Ligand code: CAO
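Shown next as structure tokens: one chain only, the form predicted alone.
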Amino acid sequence: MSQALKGVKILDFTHVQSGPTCTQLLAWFGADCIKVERPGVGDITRGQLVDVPGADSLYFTMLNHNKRSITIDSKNKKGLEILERLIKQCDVIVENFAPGAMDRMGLTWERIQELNPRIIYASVKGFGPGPYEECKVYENVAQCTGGAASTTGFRDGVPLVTGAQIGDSGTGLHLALGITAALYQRTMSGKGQRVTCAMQDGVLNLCRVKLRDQQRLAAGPLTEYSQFGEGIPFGEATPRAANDSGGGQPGDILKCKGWETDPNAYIYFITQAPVWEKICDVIGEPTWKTDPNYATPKARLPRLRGIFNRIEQWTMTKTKLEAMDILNEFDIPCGPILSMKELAEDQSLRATGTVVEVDHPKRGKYLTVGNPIKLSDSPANVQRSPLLGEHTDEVLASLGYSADDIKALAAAGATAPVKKVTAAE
């Protein structure tokens, strides 16, 4: 078996989460990802939320697997020369700096094209061209400006952000797709190009069903929303819909056995029309199959709250996993609310490589998320994140620098001396 992106070389100027998500995914597919970091400092997340003294944080390690780290001072003339030599040899540059940062380094798109006209230059930014183009954006800002927060939560409560990193990691995944598309196009055109992905755009793409509903409002109320059944008027914008299903089938989160002490003893239950009769049998309401007040989806709409209350009476007699086993026998759509602890301990996720245990020289063994995309002929081997500057000498040597040159560059402040990783570490 081969790796899908073996032979692709990436110059990684990314930091924090959105950019590193993108480059880590490409590295999992076999790309040689060279992460450029500031001497003595590195990616800021190395020191954020540290849980093991003297070791890189999990924030950093879980976003930078399979990469090589080099430390270069881009403000140093010789440091910039190293970067330009790297650009000539790389296929892709990825960065998620603030707007204009690469230009201030002297690495404008025009200069990069001069050095390597075949290179793909990929960027994550907060916003696309427009009034907010220069604004700094973080995860929750992206969720708020991309439509997620306004449509998340209960309608009588404040907007909510989701725990899933749809702004940062979601945009990184979008950018990775753009890079692979540009690489494929290059095989035919021979030319590089710019690839950009704005976090606002990425979040909005993931909120497309809510934009769908915004347009449907012009034709009348959104009948699958629980507020329709409760007789509450709709406003001018897509409302927050609590735990309603976004696919048009009524759904809700229901208590299961043990909910009084377990905050995750719940199950998501969808009253899908094709299995309505089976639902009635499971919960002990066989007369609902023919009762005109319950027999059709339209008749059920104004009664959904009562229906879910009755279903919850049944789910509360079962654990969430017992309920799932029973419901799946009848193809009734459902899903238990799985905690991070349960996911971390799930052996099936370990077996598929979705959850991976990695050994690190400073922090020991830790769990991380593996590649969520499975290719039958390109398995992802998740390797630990690099120590700061661990591969500087190795990369410089591959660029043609001699041992004396490498020492001179460090002495000039263009790079930092590399601390070797010993067997004991």
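Given the structure is predicted, the values throughout are model-derived calculations rather than measurements. Residue numbers run from 1 along the displayed sequence.
Another form, the form predicted in complex with the ligand, is not on view; read the next lines as being about it.
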Original post:
the ligand placed by superposing the site C-alphas onto its pose in the predicted complex: is the shown form open or blocked, blocked being 3 or more ligand atoms within 2.4 Å of backbone or C-beta?
Top reply: open
**OP:** Indicate whether the ligand has at least one heavy atom within 4.5 Å of a heavy atom of Lys210 in the predicted complex.
**Re:** no
Subject >> Contact of Ser74 with the ligand in the predicted complex (heavy atom, 4.5 Å) >> reply: yes
Original post:
Even though the ligand is not shown here, does Met316 get within 4.5 Å of it in the predicted complex, heavy atoms only?
Top reply: no
Original post:
Does the ligand come within 4.5 Å of any heavy atom of Lys289 in the predicted complex?
Top reply: no
**OP:** Select, from the options 120-128, 350-358, 272-280, 233-241, the stretch whose residues sit within 4.5 angstroms of the ligand in the predicted complex by heavy atom distance.
**Re:** 120-128
Subject >> in the predicted complex, the one of Trp259, Tyr138, Phe330, Tyr132 near the ligand [non-hydrogen atom within 4.5 angstroms] >> reply: Tyr138
Original post:
Just one of Lys88, Lys191, Arg104, Arg194 has a heavy atom within 4.5 Å of the ligand in the predicted complex. Which one?
Top reply: Arg104
Original post:
Along 1-35, which positions have a non-hydrogen atom within 4.5 Å of the ligand in the predicted complex?
Top reply: Phe13, His15, Val16, Gln17, Ser18
